[in-house]
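First comes one chain, alone, set out as structure tokens in the form predicted alone.
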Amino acid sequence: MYNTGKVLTGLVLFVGFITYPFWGGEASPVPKLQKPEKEKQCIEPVAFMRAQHMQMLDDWRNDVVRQATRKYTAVDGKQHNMSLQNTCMKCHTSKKEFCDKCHTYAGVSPFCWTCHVPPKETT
């Protein structure tokens, strides 16, 4: 077989390069988000909010804009105003320290702020 040494060396380098993120320990740390000081509980459980907040915000937008429904009933039975700026940002006051950190880590570019006015940063 021709060039066996070069082919094997290339394969080893290729496999090492492709699998480096798994064994290299270079993964970026999960961002520490600024949590609300006064509120200890979000409108839904944390696991739900981490996984489903974008879908929930889309549902809120559709309900408010298309059906003029403004009240959201959480799993605990409490009712909340369906408003990104008046409900979510009331507790998560810093877009930069809460929204942007996690979205940058996840590599997503949400379109919330193309319509909504981001809160003024105090820091």
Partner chain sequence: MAIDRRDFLKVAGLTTVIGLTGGGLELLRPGDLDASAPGHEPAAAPGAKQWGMLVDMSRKENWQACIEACHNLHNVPSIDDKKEEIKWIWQAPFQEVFPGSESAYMSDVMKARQFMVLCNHCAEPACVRVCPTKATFKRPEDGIVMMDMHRCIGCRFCMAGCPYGARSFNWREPRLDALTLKGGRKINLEYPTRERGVVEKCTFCAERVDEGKQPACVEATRNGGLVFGDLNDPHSEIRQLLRVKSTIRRKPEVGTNPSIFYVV
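Model, not experiment: these values are computed from the prediction. Numbering follows the first chain given and starts at 1.
Another form, the form predicted in complex with the partner chain, is not on view; read the next lines as being about it.
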Original post:
Though the partner chain is not shown, can you say which of Tyr105, Trp113, Phe14, Tyr20 has a heavy atom within 4.5 Å of it in the model of the complex?
Top reply: Trp113
Subject >> The single option of Val75, Val65, Val30, Ala47 touching the partner chain in the model of the complex, heavy atom within 4.5 Å >> reply: Val65
**OP:** Verify the flagged residues Met54, Lys96 and Ser109 against the partner chain in the model of the complex: is each one within 4.5 Å by a non-hydrogen atom?
**Re:** no
Subject >> Heavy atom of Gln85 within 4.5 Å of the partner chain in the model of the complex >> reply: yes
**OP:** Mark Lys6 yes when one of its heavy atoms lies within 4.5 Å of a heavy atom of the partner chain in the model of the complex, and no otherwise.
**Re:** no
Original post:
in the model of the complex, does Val117 have a heavy atom within 4.5 Å of the partner chain?
Top reply: yes
**OP:** Report yes if any heavy atom of Arg70 sits within 4.5 Å of a heavy atom of the partner chain in the model of the complex; otherwise report no.
**Re:** yes
